[in-house]
Ligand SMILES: C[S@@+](CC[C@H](N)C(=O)[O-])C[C@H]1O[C@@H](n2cnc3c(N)ncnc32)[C@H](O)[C@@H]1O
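Take a look at this one chain, the form predicted on its own, written out in structure tokens.
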Amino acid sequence: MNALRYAQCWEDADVLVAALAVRPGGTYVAIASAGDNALAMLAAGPARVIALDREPAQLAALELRVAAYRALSHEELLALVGSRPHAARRKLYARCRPLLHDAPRAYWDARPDAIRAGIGSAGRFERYLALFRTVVLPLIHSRETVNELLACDDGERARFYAERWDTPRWRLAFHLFFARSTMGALGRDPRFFAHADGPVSQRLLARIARSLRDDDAGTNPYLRWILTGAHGDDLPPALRAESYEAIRANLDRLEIRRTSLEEFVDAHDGPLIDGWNLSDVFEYVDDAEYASLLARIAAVSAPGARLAYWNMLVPRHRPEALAPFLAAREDLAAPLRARDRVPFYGDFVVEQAR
């Protein structure tokens, strides 16, 4: 089985669920990734959430999460993920293990260190962030400075960032570590940059700076994980106490399929789809492939179905040729984009089937 690329979903599920207006009785499709956002959609009580991924390791991550919701308490789930410290995660995994199919069980059996560290840190991208957090960041800022940033209130955050955090050493180290070549070698598959133009690190630094300066890093679980390796008291939607029972009750409505989005769309002959969590998949195809896939998605979408996706480095918006089939919903996207707490993305797009 291939290596795990992402052990967490690095897209804000609060924004996603609001954009899709996930409702009871609907049928939704989600790019699985590590599974968090498909599970967050499940909490709203739809009839079906179909989670797709062509990578077996990503589906192994999702299947272990599903087993954890079935076998563990809420606090134990947080411990297994790594949101909370725990001295015996292998014992938690042992309780989940009988609920796994053969391939996911073999995958996690072969990775005891990943279990021991918390499954939310097991992906290639999370290991890349951990390298930044444990090796690069201490050369720039002390643990005390990091904690001070996390404790800043709204009135002092911008001043603290400008005077204490935004040093020449911070900017230089960030540009070097998050350069296209470094990320391609250590963090993301180089093919993910095939359609990206311009300096990657410069755009990422501007987004991280905006989040650290303008957002409350202390209550942002994504920023806290980047800076500390844990979520803190504020959690992503799928891990919140109020979501736990709803997700657990609806697990039988989740369908996990090993397939690509393209294969799913072309083969689909069931009920029309009410909403699509498309992550940032359109960044990895050229303009013609993007337009073709978008048209095929529209063809199997129910009237009023919403599509939500992120642009990280490659701008993707519905081509005008598809305007008769898909409406741009910037009225929905703009306020959601403004409250998106994940600092990696340059745009959030919502479109709706006519």
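Counting begins at 1, following the sequence as shown. Note that the structure is a prediction, hence the values are computed from the model and not measured.
FYI, the form predicted in complex with this ligand isn't displayed, but the following is about it.
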item: Partner-proximal stretch of 274-282, 219-227, 112-120, 206-214 relative to this ligand in the predicted bound form, 4.5 angstroms, heavy atom; value: 274-282
item: Distance check, Arg54 to this ligand in the predicted bound form, heavy atom within 4.5 Å; value: yes
item: Distance check, Glu11 to this ligand in the predicted bound form, heavy atom within 4.5 Å; value: yes
item: Contact flag, Ser260 vs this ligand in the predicted bound form, heavy atom cut 4.5 Å; value: yes
item: Residue contact check: Phe348 to this ligand in the predicted bound form, 4.5 Å heavy atom; value: no
item: Triple contact flag Val49, Leu99 and Asn250 to this ligand in the predicted bound form, non-hydrogen atom at 4.5 angstroms; value: no
item: One residue of Val300, Ala44, Ala291, Met312 in contact with this ligand, assessed in the predicted bound form (non-hydrogen atom, 4.5 angstroms); value: Met312
